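Taking the form predicted on its own, here's one chain by itself in structure tokens.
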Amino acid sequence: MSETRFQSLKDLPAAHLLGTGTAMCAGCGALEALHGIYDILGEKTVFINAAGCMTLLSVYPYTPFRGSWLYTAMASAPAGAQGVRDALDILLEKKRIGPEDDLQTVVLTGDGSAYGMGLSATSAAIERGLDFLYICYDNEGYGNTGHQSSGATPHGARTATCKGGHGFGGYKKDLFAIWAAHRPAYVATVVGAEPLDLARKVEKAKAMQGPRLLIALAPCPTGWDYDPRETVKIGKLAVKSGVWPLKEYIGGKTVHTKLPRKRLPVEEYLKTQGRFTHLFEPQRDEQTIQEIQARVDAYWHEFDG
């Protein structure tokens, strides 16, 4: 890509700018969410990007972010964020920059880092009260390396490392609860298919200080095996079936921001994705389907109770 073309990109809105990565998959739910998030955060940001799918947005020496961007190893993004935030605070204290030049420190990782490899560093950063926004795009597997199972993989899903007849035998970690147990400033779940809910939460998180988390469900056409045009539909079904609760933690309390009053059966969501085809063909795996449904029902029963 020529230098002239990149100069013209500077005049594009952030949402268009984030579409310039050369290696991104069509229909990427992570990119869908990041469009909305970045439109609100804007260019006064430093993105500390852990190794993963979104690292492919950058083609050296360019990135699609108007602000600053730093690449780290998968487990190291919160540590990198600490260094960036400390450097900015020192510059502010020494009056090398003014408050108008301060930048939001933003960690960007996939679920492999957020739920697994980087969890220890993240926990330590929260305990230190680091002033940072952590964005996790959750495509429920190690998407950049072939979609192996991760700590975010849902029960029954088939992955590159779990191809048994019943799919993944484990259960998705509750990253929301893990963060909330640290008593941070803010935690929220979002999905690009619900842009108004997402925008409200980003605005709220942007105005706060301290450790803040946004977990964005990121439907993945290549890893979940579906037509890229179905990304928004699948995101909406995740909410309507109750599989992906939209909620936020603030001031010690958890509040749901969109309630699926008439929840759809979870199989309406599962049937849209090839990673769950084995639950329906060649024979229906009623036990696994009902187990998935029961766990969703139990979650909402506890909330309603």
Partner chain sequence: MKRTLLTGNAAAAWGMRLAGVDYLPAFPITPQTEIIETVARWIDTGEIDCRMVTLESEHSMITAAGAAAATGVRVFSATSSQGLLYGMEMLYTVAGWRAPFVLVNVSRGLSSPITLEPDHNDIFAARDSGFLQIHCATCQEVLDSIILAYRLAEDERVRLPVIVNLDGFYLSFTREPVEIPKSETVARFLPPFDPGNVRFRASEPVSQAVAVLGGGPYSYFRYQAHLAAMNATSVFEEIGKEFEEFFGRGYGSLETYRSDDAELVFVMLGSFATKAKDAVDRLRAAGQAVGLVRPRLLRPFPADAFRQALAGKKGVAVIDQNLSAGSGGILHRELTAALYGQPETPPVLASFIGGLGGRNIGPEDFFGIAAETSQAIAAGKTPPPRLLFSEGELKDVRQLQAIAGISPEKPGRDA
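Numbering follows the first chain given and starts at 1. None of the values given here were measured: they were computed from a predicted structure.
Only in words, not in the display: the form predicted in complex with its partner chain, which the text now covers.
Chemist: In the predicted bound form, do V84, L91 and I97 all reach within 4.5 Å of its partner chain through at least one heavy atom apiece?
Modeler: Spot residues vs its partner chain: full contact, yes.
Chemist: Is there a heavy atom of A121 lying 4.5 Å or less from a heavy atom of its partner chain in the predicted bound form?
Modeler: Looking in the predicted bound form, residue contacts with its partner chain include A121, since a heavy atom lies within 4.5 Å.
Chemist: Taking 4.5 angstroms as the cut-off for heavy atoms, does A73 touch its partner chain in the predicted bound form?
Modeler: A73: yes, in contact with its partner chain in the predicted bound form.
Chemist: Quick check on T63: any heavy atom within 4.5 Å of its partner chain in the predicted bound form?
Modeler: Within the cut-off, so yes.
Chemist: Spell out, yes or no, whether the shortest heavy atom distance between K44 and its partner chain in the predicted bound form is within 4.5 Å.
Modeler: Contact with its partner chain, yes.
Chemist: Within 4.5 Å, heavy atoms only, which of V59, L259, L264, I250 is in contact with its partner chain in the predicted bound form?
Modeler: None of the others qualify; the residue that does is V59.
Chemist: Can you pick out, from C162, A79, A180, M208, the residue that has a heavy atom within 4.5 Å of its partner chain in the predicted bound form?
Modeler: It is A79.
Chemist: Want to guess which of 149-157, 106-114, 122-130, 171-179 is within 4.5 Å of its partner chain in the predicted bound form, heavy atoms only?
Modeler: Result for this chain: 122-130.
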